[in-house]
Every structure is written in C-alpha cells, then in structure tokens.
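The chain below stands alone, shown as structure tokens; this is the form predicted alone.
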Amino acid sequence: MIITKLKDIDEIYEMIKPYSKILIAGCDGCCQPPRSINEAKILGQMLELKSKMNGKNLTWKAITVLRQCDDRIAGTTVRPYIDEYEAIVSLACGLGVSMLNRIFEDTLTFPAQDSMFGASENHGDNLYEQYCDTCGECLLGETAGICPVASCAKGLHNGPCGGQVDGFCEVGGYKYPCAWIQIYERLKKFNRLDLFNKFRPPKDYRLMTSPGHLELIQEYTNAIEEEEVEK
C-alpha cells in the first residue's frame, strides 16, 4: 500500500483559490490512512470554511473512486460530474492525481496529499513500514527476505558499512536496526551464509529510470509462449 500524508490546509487552499466550484475525489484504493468519502467531505468542509474566512464562496461536492489509478474506473466514476466543476482535488496518491489529469485533460486535478512511500502493514508494531522500493532487480532471494535497497539507509548491496553500532544504523541516530545485520542473522539461522558471502555487482539503476513502462499484453503473450514451449 502507499503511505500518504495530508497536505496542510493552507497549501491545498492556495491551489484551489482561483476556483469557486470544486470536485473532491476520495479514493478507496490502497492509500493509508484511508482517504475515502468521509475524508473527502471533511476536506470540503474545511476548504469551504477557509474560503469564507477569505471572503469567498466555495461550492464543492465529495465523491469517492474505487481506484483512481485505474483509468476505466476513474473515468467512469468522475465523468458524470466533470462538467459541473472547475477543478478536482484528489485524495489519492500521486498515481491517482496523475491519472485524473491524463483522463480529464481540460480540468486540472490538484493533490491533497503527499505520497510518502510504499509499505506493508505491521499490526504487531502498530506501524506501516517500507519493505520494498520496487527497484526492478529483486534481491530478496539472496537476503533472506529483507530488502537492502529499501531497508538499508544507504542502499548497500554487499554488507554493512562502518556506521552501524551494536546492530543499529547511524542514519536516524541509531534508532533503526541495520538491515545487513538483520540479513546476516537471518541467513545464519537457516545456515545460508553462502548467500551472504555472494558478491553482488553494482545496482543497475537503469531499471529504476523513470518513467517505467510494462506492456501487459506482451508479458502475458510471452508467458503463454514459454508455457507452450515447455509442453
């Protein structure tokens, strides 16, 4: 899921200040904390109050979209309202904001949130923690399921630096555990230190170059062809 943080209300208001009618679109997708219809209504009320304090009237409507990052779902949900409003405020992550701007080229969509990082939900520690950087070159099979790209503050590929003390990383003031110490201990537990000693070449950052593209139809076609060859 994508972890988001609501922007300051003053920042959101500055973006929509030129408009008198706005559509506020929540998202039922993977944003955490959830930003759905209730959050959209609360934001609308806050922006309306802010407008009144500045001597302006603001008309708004709150809706929610199942997934703003899906062009068909977003287009079908938002299109019935688009002609009635001058701008859109999106409570999705940056993917949803970008998608709405692509679908509705004649209407500006503004972000109400900052997208922080992708994470998994850890109920035991009551937090969302970044486990993957979607870097295009997965090393989890060699590092006992602990990603050195996302979990190591320096993204090191071949072991800890000299900045760790007692298993904690110098980045952040020795508050967070060193990913490579965790990797070592976990590989040792399973008697797989041969993987720890394996040399990994420098990361191919071309795989992380933006913008990324993946032809889904071609991927499926390749998979089918490979399966037929094996048969």
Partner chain sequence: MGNRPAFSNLMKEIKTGKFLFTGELEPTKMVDISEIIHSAEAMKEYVVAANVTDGPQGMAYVNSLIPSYLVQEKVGLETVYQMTVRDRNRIALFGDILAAACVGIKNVLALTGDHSALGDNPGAKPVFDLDSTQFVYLLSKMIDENTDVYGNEIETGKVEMNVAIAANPNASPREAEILKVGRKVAVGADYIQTQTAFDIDDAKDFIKELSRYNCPILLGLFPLKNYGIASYFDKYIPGVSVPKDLLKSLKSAKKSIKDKKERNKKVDEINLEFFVPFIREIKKSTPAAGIHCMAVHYERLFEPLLKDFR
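Predicted model only: the values in this text are computed from it and were never measured. Residue numbers count along the first chain shown, from 1.
From this point on, the text means the form predicted in complex with its partner chain, which you will not see here.
Asks: For the chain seen here without its partner, which of 32-40, 46-54, 185-193, 63-71 has a heavy atom within 4.5 Å of its partner chain in the predicted complex?
Replies: Result for this chain: 185-193.
Asks: Tell me, yes or no, whether Asp28 is in contact with its partner chain in the predicted complex, where a contact means a heavy atom of each within 4.5 Å.
Replies: Asp28: no contact with its partner chain in the predicted complex.
Asks: Is Leu140 a contact residue for its partner chain in the predicted complex, using a 4.5 Å heavy atom cut-off?
Replies: Leu140: no, not in contact with its partner chain in the predicted complex.
Asks: Using heavy atoms and a 4.5 Å limit, would one call Asn158 a contact residue for its partner chain in the predicted complex?
Replies: Judged by the heavy-atom cut-off of 4.5 Å, Asn158 is in contact with its partner chain in the predicted complex.
Asks: Should Leu58 be counted as a contact of its partner chain in the predicted complex, where contact means heavy atoms within 4.5 Å?
Replies: Flag for Leu58 set to no.
Asks: Are all three of Glu170, Trp180 and Arg200 close to its partner chain in the predicted complex, meaning a heavy atom of each within 4.5 Å?
Replies: Yes, because Glu170, Trp180 and Arg200 each have a heavy atom that approaches its partner chain to within 4.5 Å in the predicted complex.
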